[in-house]
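Given as structure tokens, the chain that follows is alone and in the form predicted on its own.
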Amino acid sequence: MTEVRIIGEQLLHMPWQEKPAGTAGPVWRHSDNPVIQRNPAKGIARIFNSAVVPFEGRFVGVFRAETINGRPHLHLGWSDDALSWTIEEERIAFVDEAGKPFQPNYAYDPRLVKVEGTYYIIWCTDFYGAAIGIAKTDDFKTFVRLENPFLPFNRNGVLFPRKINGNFVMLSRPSDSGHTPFGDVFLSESPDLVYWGKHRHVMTKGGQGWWQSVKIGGGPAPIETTEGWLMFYHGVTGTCNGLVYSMGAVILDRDEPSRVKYRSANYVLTPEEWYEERGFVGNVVFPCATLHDAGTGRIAIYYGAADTYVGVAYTTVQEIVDYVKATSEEVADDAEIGIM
């Protein structure tokens, strides 16, 4: 067995629980899930599908907060252990590059990633329909919103944690004006976060299993490993009782990330616990963030549960990569660079 390592920094004080005896599969849940319950702050009914990073010895999160009027906004949260969170009651105040207010009409499903010392927030925003919004901060006090990178309709913007071949790289899932159609993951590059191009197809929905037959979407920022870019993502299937969201895992080529090296045919987490099955939207596991330690290979995955709660799950880079490789299937032309 080849040793697999995370390429990055150590994070010794990240949350962790050892795998319980008898656990099936490469991912296991935090024993005290959900870590964020209903009504977590004044005026906020539910928090889910959110992102966290380490910052100055603590942890900071950008949270999808469903306010009591039903409109989603982004709120900051702070924690010493990345499990118990204090959520700020006021939403994040974005400004444009001239310092003038630049608030989105709504904002949801954020990702949060550090690239070359700057923290970037990517979310689904309103730009004459669902589109991708992006902002940056150095201190989590001032948040400069940039112009939207892509036309509508698009969701699930995921920025890689470093430039590749000199360019920023972002995953996204184009769609139409409805909630779902198209359903594949694409990649785009930019030298400056203003001009985007070199669009590539990355992953196709479907495969042998039905759990990702309707659509797929990028999850947390990919983790760089010695085997390639490890990414958790969500896959969606349709049932007679509605959609079901599960978590999958894929490994992308380090130099050509539009090329899939290995992709597990199986989900690695699916709704089974009460907080995943029952909520505002039942049967949802939606990964949005990870914390990981290069020294131990430990990974903590943060996911939205039933559009109501935040859950945490664990794995190690060795176990998840070995599992993805052992259960890998080639779907359509995913193994190609992505230029048709």
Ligand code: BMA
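Here the structure is a predicted model, which is why all the values come from computation and not from measurement. Just count from 1 along the sequence shown to find any residue number.
A second form of this protein, the form predicted in complex with beta-D-mannopyranose, is not displayed here; the remarks below concern that form.
Within 4.5 Å of beta-D-mannopyranose in the predicted complex, a heavy atom is found for every one of D109, R155 and V284. The stretch from 270 to 278, 50 to 58, 284 to 292, 25 to 33 that comes within 4.5 Å of beta-D-mannopyranose in the predicted complex, counting heavy atoms only, is 284 to 292. Residue-level contacts in the predicted complex: of R145, K215, H75, R263, one residue has a heavy atom within 4.5 Å of beta-D-mannopyranose, and it is K215. Interface membership of Y245, defined by any non-hydrogen atom within 4.5 Å of beta-D-mannopyranose in the predicted complex, is confirmed.
Within 4.5 Å of any heavy atom of beta-D-mannopyranose in the predicted complex lies no heavy atom of R46.
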